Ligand code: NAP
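Just one chain follows, in the form predicted on its own, and it is written as structure tokens.
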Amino acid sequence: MAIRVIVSGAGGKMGREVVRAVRGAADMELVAAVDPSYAGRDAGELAGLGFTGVPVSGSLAEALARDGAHGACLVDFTAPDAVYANVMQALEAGLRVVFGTTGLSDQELGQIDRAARERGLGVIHAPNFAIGAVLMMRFAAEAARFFDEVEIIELHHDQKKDAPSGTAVKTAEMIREARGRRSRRLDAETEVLPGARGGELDGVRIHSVRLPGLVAHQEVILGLPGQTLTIRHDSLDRASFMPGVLLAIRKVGEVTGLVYGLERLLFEA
């Protein structure tokens, strides 16, 4: 039986890519799409697939009125100011959820986890769905055990609203867990220009770059006296995220509560 999928944010760049990926998956069926900016349009035509007969709804409530939508999996790639309400509404309606939008607070993520557990539903949230990015984070965390210092440079397109990226934050968290300690910092360090040294999470400096022409890129630079190690991942096209999105859709029915990070699916199976 095909996995029924609703795509929220279907008119955005990631949403259109998800529509193409779901339509191309033999074990999935696109049953509804949501995007108030493109309400009434055909989801397939927006994604460059031609007419599919799946109209874009202006709200999730409208999408749930479509045949086959109830009990489906919601895939949400909307804005940080919309995703929390979307996920909570989906759980209330009995939907499993996969989402990638970052910028939610720990409190909001905790509320999502509680709401999902109360209903026996699964939610998978990954700051990055690219398999290579997940490996980059894992390799960086392993290497950080042996290096005195580490800094993160993340680069994204100029339409990304949150900084630093969720991938950078997740990387710093994994480094902290792997080390069991903070990075060292020189007390004598002085910023002549405030912000020049970037933000800091548990002693790990994070630098954010936003420029047109970029998609999603991150490098982790680790240092010891006389040597450095750089681990870098580049997503050159949004298609790089789709294998991870499809994996999450297939796995979300097997979990209860919030699962944070694609590595939980790749390495803890």
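If you're wondering where the values come from, they're calculated on a predicted model, not measured in any experiment. The numbering used is simple: start at 1 and walk along the sequence shown.
Beyond the structure shown, there is the form predicted in complex with this ligand, which is absent from this document and is the topic of what follows.
With this ligand left out of view, the stretch that reaches within 4.5 Å of it through heavy atoms in the model of the complex is, among 114-122, 136-144, 79-87, 195-203, 79-87. Residue D162 is the only one of E92, E177, E108, D162 with a heavy atom lying within 4.5 Å of this ligand in the model of the complex.
The shortest heavy atom separation between S37 and this ligand in the model of the complex is within 4.5 Å.
A25 falls outside the set of residues with a heavy atom inside 4.5 Å of this ligand in the model of the complex. Using a 4.5 Å cutoff between non-hydrogen atoms, L258 does not count as a contact of this ligand in the model of the complex. Looking at V97, you'd find every heavy atom of it more than 4.5 angstroms from this ligand in the model of the complex.
Contacts between stretch 1-28 and this ligand, counted in the model of the complex as any heavy atom lying within 4.5 Å, involve S8, G9, G11, G12, K13, M14, G15, listed in sequence order.
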